[in-house]
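Quick heads-up: it's one chain on its own, the form predicted on its own, in structure tokens.
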């Protein structure tokens, strides 16, 4: 079929002509999406949407072709895929904003804990920092702070942790720490 025959049949509502276009241009049109970071399903959706746009314009009588039908449908597919990529990039930006927000929240929680640790006094600050932030073993902490043995370091860490918990509970609400 020639383009003018197809257009005439589509504008009369002939679905067989639309089916002909679908079969004839499917591979060429879906390649646009597949070659530009799209999936097979996305390619199918874009092509079907493009054919729908073509169908609606043809039936409305507002379609004046200045190029081949394949070129016209190709440009529709291209524009639809660009819009979809823009939508995806905006959505991706929203996800990055959420991750940034979570990171800021985490940093605020760490700051609260650090501020409280610094108010505990030198020995507690060192024990808790060595254990929780530097990852030192109780043996290493005992040696660094000249404690008699590991048990002494464990007991002091336990008492310091209790003081820290009380200070945080007294000065902050659970909503400061719970999501």
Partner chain sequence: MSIRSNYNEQIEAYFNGEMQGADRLVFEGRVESDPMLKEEFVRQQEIVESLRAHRVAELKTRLNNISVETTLIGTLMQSAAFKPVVYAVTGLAVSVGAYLYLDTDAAIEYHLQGLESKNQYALETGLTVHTAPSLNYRYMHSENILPVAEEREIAKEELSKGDVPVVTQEIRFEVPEVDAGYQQDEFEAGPVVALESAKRIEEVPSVSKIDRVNIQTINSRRYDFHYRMEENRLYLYGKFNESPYEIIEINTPGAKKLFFYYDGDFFTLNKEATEITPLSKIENRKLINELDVIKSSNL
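By rigid core we mean the largest C-alpha set that fits within 1.5 Å across both forms. Keep in mind the model is a prediction, meaning the values are calculated, not measured. Residue numbers count along the first chain shown, from 1.
Not pictured, yet referred to below: the form predicted together with the partner chain.
Taking the partner from elsewhere, every residue among 48, 52 and 161 has a non-hydrogen atom within 4.5 angstroms of the partner chain in the predicted bound form. Site annotation in the predicted bound form: the residue of 145, 65, 110, 28 reaching within 4.5 Å of the partner chain with a heavy atom is 110.
This chain is drawn without the partner chain; in the predicted bound form, the residue among 150, 129, 137, 70 with a heavy atom within 4.5 Å of it is 129. Proximity of residue 169 to the partner chain in the predicted bound form: non-hydrogen atoms within 4.5 Å are present. For the chain shown alone, residue 106 is a contact residue for the partner chain in the predicted bound form, at least one non-hydrogen atom being within 4.5 angstroms. The partner chain in the predicted bound form comes within 4.5 Å of no heavy atom belonging to residue 9. With a 4.5 Å cutoff on heavy atoms, residue 58 does not count as touching the partner chain in the predicted bound form; it lies far away. Although the partner chain is not shown here, in the predicted bound form the stretch 12 to 26 places heavy atoms of 15, 16, 18, 19, 22, 23, 26 within 4.5 Å of it, in sequence order. Fitting the two forms on the rigid core leaves the C-alpha of residue 165 displaced by at least 2 angstroms between the shown form and the other one. Superposition of the core reveals a Cα shift of less than 2 Å for residue 41 between the shown form and the other one. Comparing the forms between the shown form and the other one on their rigid core, the Cα displacement of residue 107 reaches 2 Å or more.
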